[in-house]
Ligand code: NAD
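As structure tokens, one chain now follows by itself in the form predicted alone.
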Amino acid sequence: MTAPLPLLIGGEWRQGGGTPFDSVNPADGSCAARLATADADDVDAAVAAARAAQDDPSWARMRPHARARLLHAMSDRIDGAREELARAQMADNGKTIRECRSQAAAAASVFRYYAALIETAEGEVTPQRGDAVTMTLYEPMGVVAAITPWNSPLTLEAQKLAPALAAGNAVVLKPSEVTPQVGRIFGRLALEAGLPPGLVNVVTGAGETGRALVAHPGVDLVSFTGGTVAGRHIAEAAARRLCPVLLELGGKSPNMICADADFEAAVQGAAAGIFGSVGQSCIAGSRILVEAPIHDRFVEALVAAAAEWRPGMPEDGDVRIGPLASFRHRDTVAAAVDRARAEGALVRCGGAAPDDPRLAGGAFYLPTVLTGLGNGSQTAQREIFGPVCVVLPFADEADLVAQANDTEFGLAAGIWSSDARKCWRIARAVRAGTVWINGYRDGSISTPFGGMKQSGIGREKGRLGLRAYSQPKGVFWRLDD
């Protein structure tokens, strides 16, 4: 039997102390890779290696322009390995090769952005108080535990690694056990780019590995992207030792369609907002709120649009969506649709696996449109994280805002209307970290991203994303006699 793919600790590849595990290709059920599992001793070694690398003067005192050169080198390495990275992600979670290639290119741009940012980032001379000159300096947190999900490891791991390293930290990366390969490749590329050994460590494994990392006293910041339930557990564990956390969690985002919207654009935008990436996105527009006069017409058009998102094998360049990321998750999504039926939902399309015999061996599920439920239903309140939307009518602007905000989540929202003043009022009234107007799922590495309420703590991306991996220090310099 082939040896499991090893862990990266302190610049060296080593086998883990835990039981090896398999990453399963959800398109056909084959084994994508067999990997080592990090036990508590491996996690301890990774944290120790990160601490040693972060404390080393050659890194700790490195000037910003020199650190930027390393990040640019990492970006170049990612560009050179884009096809390898894309195919690794596709094998692990079934994303289409087209989306994987796009995300590999985006990952390289994340490193380029933070390389540029640290060359221009400034501290502050704060307002005078008395005879002291007061300054704010930004220093590294230290050792960052980065725990990432399975839906988009290419972009989500880059969005943690790049700002954490730019801010001067060392990182122990724990990728999802569903998608472990991309993180390992990032670790290899970091060494090839010339980053000092130990600055990027990669420990693969499941929940036990993650729990050991979160609880480790040598970790100075936990940065987690994933579900809200897991985020709460991580926050509780970190709080026991007063370790700060950066949490990007779940959503049940409203995509709001006003009667005066560009109808066809809104239909296509709503379809892309929920069916893109097979709905496996924290920002998926899974609650589609439609003004009552156009509700029935909109549902018919959305059902027609859903047919254009029929799944296929992910390596086919013309396919828009592939399978769900795992067979277990496919079953979870199917169970959620069954619960919706029990609540009284009408399944207007989908609600089952495709009948194409070529897809019978994979974790595929059809785009699904549900109607007949209220916003208070479990289906409208719980994150499904699949290609499943519930369409809800609203009466007027006040009713729209009330329904949009009637959720424990606050990650994202979309507004479709030709009335600019109405768009502005709704954008200000909706409690969400990101609001799109006459669009959905647009993104930029330069724009902060994160959620309100149960959707998270803190912000990633942009200048705030760099500051999230830094701690401010106030310095008072007395200049009087």
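Note that residue numbering begins at 1 and tracks the sequence as displayed. Quick caveat, the model's predicted, so the values are computed rather than measured.
We do not show the form predicted in complex with nicotinamide-adenine-dinucleotide (NAD), though everything after this point is about it.
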Please check if residue 449 has a heavy atom lying within 4.5 Å of any heavy atom of nicotinamide-adenine-dinucleotide (NAD) in the predicted bound form.
yes
Flag residue 289 as yes or no: does it have a non-hydrogen atom within 4.5 angstroms of any non-hydrogen atom of nicotinamide-adenine-dinucleotide (NAD) in the predicted bound form?
no
Non-hydrogen atom contact residue 151 with nicotinamide-adenine-dinucleotide (NAD) in the predicted bound form at 4.5 angstroms:
yes
When the contact criterion is heavy atoms within 4.5 Å, does residue 166 count as touching nicotinamide-adenine-dinucleotide (NAD) in the predicted bound form?
no
Of the options 194, 207, 357, 127, which one has a non-hydrogen atom that comes within 4.5 Å of nicotinamide-adenine-dinucleotide (NAD) in the predicted bound form?
207
Of the options 269, 250, 393, 142, which one has a non-hydrogen atom that comes within 4.5 Å of nicotinamide-adenine-dinucleotide (NAD) in the predicted bound form?
250
Can you tell me which of 383-391, 344-352, 68-76, 134-142 lies within 4.5 Å of nicotinamide-adenine-dinucleotide (NAD) in the predicted bound form, counting heavy atoms only?
383-391
Relative to nicotinamide-adenine-dinucleotide (NAD) in the predicted bound form, which residues of 281-318 have a heavy atom no more than 4.5 Å away?
282
